[in-house]
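In the structure tokens that follow, a single protein chain appears in two forms: structure 1, then structure 2.
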Structure 1
């Protein structure tokens, strides 16, 4: 049996753990730039606040209804997520961390009592150790576990846990679920299936296999088998290294000049390099993109440029250099830029990268010393160690740093909670920087 453990209203719950005064209040958490609502307490949902609604549309309501509003605090949520996973693993070792607030649990290899009892123990311990409430669905496949989890959360009578196993029980539950609510059915497929009068999960369950394959390819076929209790999606305990890494942000205010864009791109390129080093990868391609605000009626512009690096790299200095050259190629004066970003791709293991024939030091000069690439890697390791200990970007490159004139691109976070679990990193080490 497979379990899906899902943290209830995760970001809201994290904020509540450290501020009990909002335990009973309506709470919302906003996306970056305080743009959209991305998490809501049950009370906020009851007020009709939808997922993804722009904040400005509900700002008045938050005043009237005395709703607590938070900017997203990913340092806090990431840390709390790790604590939840740690607690779960102590009871059920075979775990797939699916997202920041969801894990799949393999109850079969846990060699425990029945899944429901073990699951209840997991929920209790997570609550005790972290203060985060959870819902748990248990079934024979991941897709059915997702459904069971929905039932566990929606229905108060099941106390946050639900086991979905008997065929008749599965069919009667599938009849109550819209096909669009299935894991793997998005807007497009829901619309397409609707044309064939396939509206509930049970309708899809009863479709012929050939129809599903024809209309939804092999992805849909897997979903269909999973609904019938035949696992097609294995538990993936070891997270695979990412194949692309992207860092992008909207600006606090639209930007028209090159200098603040250079600063933003340098900052994003550095973050990409950090993420690469964290997973032990190096990139072969660096892509930079810029875009204007598509919600505005004014003249639009969006463009990107991709460099192929001479050697694969995760050196912040090299990635910044290429990223800035890419920016120079696509920057056009006269536009109101709203967003920019850096994508690195063609990722390879950092220790297996292909040396360039022309890279200095790679031919005939390596006997006694290190190549520049090796030296660079060491330097980056030192920087990472310092920043890990003293806080993000305590040591940084000049290209990332702002002057008074260029700082207006940086993020808006008007409702940020304290770094409750990582606060010591805020202690400045100014003289070291």
Structure 2
């Protein structure tokens, strides 16, 4: 049996764990730059606040209805997610981290009592250890577990857990789900299936296997088998390395000068390098792009430039150097830039990349027993260790450091909560009297 554990309104729940005063209040969490709503409490949903609505459109409503507003606190959310996963793995060892708030659980490897009892223990322990409420769906396949999870979260009669395993039970639930809401069915497939009167998940379930294979190829056939209780999507306990990494951000206020853009690009290149090192990869290509506001027809400009690195690397210094050179090539004065970013691609394992023929030490002429690349990797490991221990960007390169003239590009977080679990000064203090 496979389970899907989903943290309820995860970002909101993380804020509520450390601020009990908002436990029953309407709460919204905003995206980068405090732009749009990306998480809502059930109370906020009841007020009609839609996902993705721009904050300026509901600013007055938040005051009238006394809605608690928070900027995205990704340091807090990431750490709380790790704590949830750690708690789950103590009970069910084989876990696939599907997203920051979702995990697939393989109950067959737990060697405990039945899946429903084990699942209830998981939910109880997660609540005790983290304070995060969860919903759990259990079925024979990932696709059915997704459906069971939806029922567990929306139904008030199942106590946050739902087991979907009997054929008649499965068919009755599939009849209530639009085919477009199935995991893996996009708009194109939904429209195509609609032409054949396949409008619900049950309609697809009852289609002949040959029809599904002809109309939806291998992907659709896997989904069809999953709906029939035949697993085709195994748990992936080790995340696959990304094929490319992009770090970008829109500016709260447009930028016209080069220095703020240089600092932004240097910071994005460093983030890419950190992500490369975290997954054990190195990049062969560095691309930089800039663009103005596409909704402003008077001033339109967008451009990009890609460097091929002399050797694949995840060294922040090298990636920043080439990224800044790329920016110099595409920057044009007189434009109001709204967004910039860095993309690294051509990723290879960091311990199996091609060396440069002309790099010192490559042909046996070593310098202190290490090549410059090896010394660079060692330096980056020290930097990462210090930043992990003392906080993000406590150690950083000079190109990333802000001045009064360049700080305007930085992300606006006017409603940011403390980093309760990752910063010493923000750790809550409990007084006993």
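Residue numbers count along the first chain shown, from 1. In this text, rigid core is short for the largest set of C-alphas that superpose within 1.5 Å between two forms. These numbers were taken from a predicted model, which means no experiment stands behind them.
- In this pair, the copy labelled structure 1 belongs to the form predicted together with the DNA.
- Residue 310: CA moves less than 2 Å between structure 1 and structure 2 after rigid-core fitting.
- Core-superposed comparison between structure 1 and structure 2: CA of residue 133 displaced by less than 2 Å.
- The Cα shift for residue 196 between structure 1 and structure 2, taken after rigid core superposition, is 2 angstroms or larger.
- Once the rigid core is matched between structure 1 and structure 2, the CA atom of residue 187 is found 3.4 Å away.
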